[in-house]
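Here's a solo chain for you in structure tokens, the form predicted alone.
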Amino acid sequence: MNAGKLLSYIILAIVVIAFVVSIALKGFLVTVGAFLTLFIFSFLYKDNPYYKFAEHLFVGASAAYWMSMGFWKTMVPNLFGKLYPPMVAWAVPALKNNPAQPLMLIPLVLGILLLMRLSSKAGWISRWALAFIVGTTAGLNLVRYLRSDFIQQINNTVFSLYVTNASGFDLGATISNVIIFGGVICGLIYFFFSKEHKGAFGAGARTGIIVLMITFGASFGYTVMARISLLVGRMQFLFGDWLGMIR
């Protein structure tokens, strides 16, 4: 037995002993949560079997959970419950008296066609269902995204640059509107490539770069803070619920 395998067995023995002792002191659920958290954190050192075990367990459990949720929350009420309501009346009593909708056979057939992807010979059939789903979804979402991501953003930029209130001129709101309006214009100038970025036009483009970098930085900072909050939650669990060092 080489030194690497011996070290692996020693670490495994330590982990098993610590796991058993933790169960005796803190209970099964807290121990499992703590050790899975430590297994995930072990990737900070290097890739190892403990991290892979926790990763595969998380992915498998998540897939099984969302598959169950998708079946009971989507397929049962929206497909079977509309094709033949008495079939699922025991699970969703509210659908018992609803009329049957034969048109729901169309999504049922499309779903069956998608499963043909599992066949090596009939896999090409799934492309028809996939093309129909992608095309329909794109068409239905086009108007919604056009309204929310395009027209609404333009509407939010169309405002008065001179703001007044009950007391008269509102300096703070005016400065805020001017900065927003100027930042939007400079950002659009940066993406206008039909004219060379020189002179005043180039200055506007460079200002647009600054605005974009500030925006991306703020978005990245928000994402980092969200991840930090998750880390804080795990640390509170480890040092509080598990080790009892935080009261």
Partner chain sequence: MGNGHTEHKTLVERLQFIDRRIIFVFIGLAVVIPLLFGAVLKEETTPIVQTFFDTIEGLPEGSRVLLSFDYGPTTAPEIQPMVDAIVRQCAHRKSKMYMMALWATGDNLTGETIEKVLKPEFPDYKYGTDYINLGYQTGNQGLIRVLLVDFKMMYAVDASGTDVDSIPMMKNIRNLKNFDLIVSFGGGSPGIKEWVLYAGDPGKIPVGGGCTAVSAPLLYPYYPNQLIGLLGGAKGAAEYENALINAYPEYKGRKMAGMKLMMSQAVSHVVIMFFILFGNILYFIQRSRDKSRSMEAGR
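Positions refer to the first chain, counted from 1. Note that the structure is predicted; figures quoted are calculated from it, not measured.
What comes next is about the form predicted in complex with the partner chain, which is not displayed.
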Even though the partner chain is not shown here, does Leu6 get within 4.5 Å of it in the predicted bound form, heavy atoms only? no
Leu44: touches the partner chain in the predicted bound form, heavy atom cutoff 4.5 angstroms: yes
Considering non-hydrogen atoms and a 4.5 Å limit, does the partner chain approach Phe239 in the predicted bound form? yes
Please check if Val16 has a heavy atom lying within 4.5 Å of any heavy atom of the partner chain in the predicted bound form. no
Would you say all of Leu12, Val20 and Ile23 touch the partner chain in the predicted bound form, counting a heavy atom within 4.5 Å as a touch? no
In the predicted bound form: members of 204 to 236 within 4.5 Å of the partner chain, any heavy atom: Tyr222, Val224, Met225, Ala226, Ile228, Ser229, Leu230, Leu231, Val232, Gly233, Met235, Gln236
